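Below sits a lone chain in structure tokens, taken as the form predicted alone.
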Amino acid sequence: MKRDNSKTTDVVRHSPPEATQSRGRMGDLLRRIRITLRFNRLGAVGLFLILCLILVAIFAPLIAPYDPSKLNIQERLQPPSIRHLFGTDAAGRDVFSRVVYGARISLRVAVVVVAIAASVGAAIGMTAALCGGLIDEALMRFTDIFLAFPPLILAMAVNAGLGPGIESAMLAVAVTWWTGYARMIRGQVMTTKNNLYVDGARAIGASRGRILVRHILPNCIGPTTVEVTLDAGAVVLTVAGLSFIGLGVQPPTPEWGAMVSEGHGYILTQWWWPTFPGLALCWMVVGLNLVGDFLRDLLDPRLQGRSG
């Protein structure tokens, strides 16, 4: 029995270095999160708001008491009550159920649009920075062409050309949103590739791909993550704006911007119809911005010096 215990002790004592490093990174991450929450209490509020929205979107069929698209003319424009928490709209549809299902659409819009915009922008910015010369000049002037147009006007033009619909609205916003990522990634890569440790890796024979993966990309992940989170709220607002003017999501799809558009004419009489979708939109945008501020502080090396 003693021999078996010693073997077990040896196995624990001589655990693989990868496992030890992984536990060390996890502990460091948790410590940094704790420090960041200490100095940024609103970050915890933002995380709570977004977590609630994610849970609502996941369990929407269990939370919503009614079918969000089912018409019931007999109960049209009913005020908030126990039967209908957020009242009903002009078609008798339960506003609370539509707001709950609208969380799915808004989260989908935020994820898909920023993923497309960040991927396209990162590819263009990284290519421009690494290649330099005429390629860099051509890609940046191409980016300037898109920057010359107001984002909302360009999104409206693209959406109008593609036709109304959620997919068209997401693609239209992604077309206008990649430019910021392209310039940011280009600046990060231009700064990083001239650092001494990159020159050292190049001097010992590291390949261009290894330098890119091990040294350049990790320095771009932090700023990109923060920018993605902060942009997600603006993306949701832009798509909601397209839906408000009739170019984005079309009825009877329960999208918050379209719901506000349908009910804005009733704001003085049936205030609940446009108000609750607008509050849900505000909830999501505020939460995303607070999470973005939290991630910015979390990835700021200066904040980690406050642990004492």
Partner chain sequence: MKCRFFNLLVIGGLVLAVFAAAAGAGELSNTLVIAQAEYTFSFDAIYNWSDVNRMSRLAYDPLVQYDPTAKAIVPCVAKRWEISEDGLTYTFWLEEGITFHDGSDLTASDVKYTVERTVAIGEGVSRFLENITHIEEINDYTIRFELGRADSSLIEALPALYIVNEDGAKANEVDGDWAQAYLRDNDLGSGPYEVILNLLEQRTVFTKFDAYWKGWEGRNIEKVIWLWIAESATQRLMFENGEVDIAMQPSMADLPYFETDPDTVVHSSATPIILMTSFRVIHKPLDDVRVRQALAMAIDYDYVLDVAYLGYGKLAQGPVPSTFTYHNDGLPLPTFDLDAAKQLLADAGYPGGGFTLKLSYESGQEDKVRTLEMLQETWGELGVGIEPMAADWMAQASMQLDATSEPDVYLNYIWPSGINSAQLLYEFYSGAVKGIYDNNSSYWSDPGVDRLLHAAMAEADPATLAGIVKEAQELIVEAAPAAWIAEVPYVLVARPYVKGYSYNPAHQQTLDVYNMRLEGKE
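Residue numbers count along the first chain shown, from 1. Keep in mind that this is a model prediction, so the values were computed, not measured.
Keep in mind the form predicted in complex with its partner chain is missing from the figure; the text below concerns it.
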query: Interface membership of I73, its partner chain in the predicted complex, 4.5 Å heavy atom rule; finding: yes
query: I267, heavy atom within 4.5 angstroms of its partner chain in the predicted complex; finding: yes
query: Contact label in the predicted complex: H84 to its partner chain, heavy atom within 4.5 Å; finding: no
query: 4.5 Å heavy atom contact, P164 and its partner chain in the predicted complex; finding: yes
query: Region of this chain that lies against its partner chain in the predicted complex, out of 106-114, 184-192, 89-97, 211-219 [heavy atom, 4.5 Å]; finding: 89-97
